[in-house]
Ligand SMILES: NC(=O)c1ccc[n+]([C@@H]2O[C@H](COP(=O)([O-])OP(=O)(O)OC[C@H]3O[C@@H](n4cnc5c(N)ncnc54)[C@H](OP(=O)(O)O)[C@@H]3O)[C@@H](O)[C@H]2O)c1
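A lone chain, given as structure tokens: the form predicted alone.
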Amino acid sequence: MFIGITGASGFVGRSLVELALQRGHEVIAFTRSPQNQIPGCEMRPFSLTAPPDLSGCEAIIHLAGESVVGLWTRSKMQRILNSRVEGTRRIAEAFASMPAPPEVLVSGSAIGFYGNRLEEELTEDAPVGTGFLADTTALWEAEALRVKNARVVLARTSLVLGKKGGALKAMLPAFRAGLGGPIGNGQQWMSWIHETDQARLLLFAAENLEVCGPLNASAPWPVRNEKFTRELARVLRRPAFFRVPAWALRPLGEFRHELLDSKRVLPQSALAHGFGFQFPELAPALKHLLG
């Protein structure tokens, strides 16, 4: 299958490209810098100002967007919003203009859709929550759902654990120095997924005709922040005594809520369609990445 991947040079995109090529797919990589070649891929430009050239693609997996990690200044929040809403709008415009569009759009989304839900178990039919990321994700998904001439999957991604990027890479220096610890009271639920399962699930969604609509890209066993901290410290063979109080996160602006809020997300759709997680539990996932 000819698969177009936006954000192909990003953290998740790199894993997805590698897996797609291993499985014998042809990959067309859409990036802001198409002059930077990705081995094995045809390169095409992607921007927020014009619809991309999707000709020849049988499936599109849309991952491009500003990282949510970091200090949420007003300009950062505007970039997060614009990159997702405008980028997905350009994709929808490209589909609408084609007499024979790709058969499926797997559009990246986020479990931020659910907001802060404390103890509630969140499956794909849970309603949208409140907050900046919930509002952004709802608008983002609405743009993907403008595509009427193809199957659309909304891949609501959780915390992706990987060696070379994302939140885990940002955590490692403190934990390796023995300075890690729970955030706030440590009782908030953390939903996560191993980078391998994330790439596998995105391809699964593209390849399987029955998968449609919201799809929680999250391992079936979420954990509380305190347990996540304990498991990460144990794999690294370091102590984790330093609790980070909620007030200490104020310099991060609104992003602090993403660290303190609770989301107990379950991958009901993935399991119902027969997807098998290689890393359903946290400890083996961390050992595989860091052991």
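Residue positions are given as counts along the sequence shown, with the first one as 1. Bear in mind the structure is a predicted one, so any value in this text is a computation, not a measurement.
Here the subject shifts to the form predicted in complex with this ligand, a form of this protein not shown in this document.
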In the predicted complex, segment of 93-101, 109-117, 175-183, 208-216 with a heavy atom within 4.5 Å of this ligand: 109-117
Within 4.5 Å of this ligand in the predicted complex, all of Ser9, Gly65 and Ser83 (non-hydrogen atom): yes
Proximity to this ligand in the predicted complex, single hit among Leu48, Leu259, Ala246, Leu252 (heavy atom within 4.5 Å): Leu48
Contacting member of Leu203, Ala126, Ala144, Leu159, with respect to this ligand in the predicted complex [4.5 Å, heavy atom]: Leu159
Non-hydrogen atom contact Arg32 with this ligand in the predicted complex at 4.5 angstroms: yes
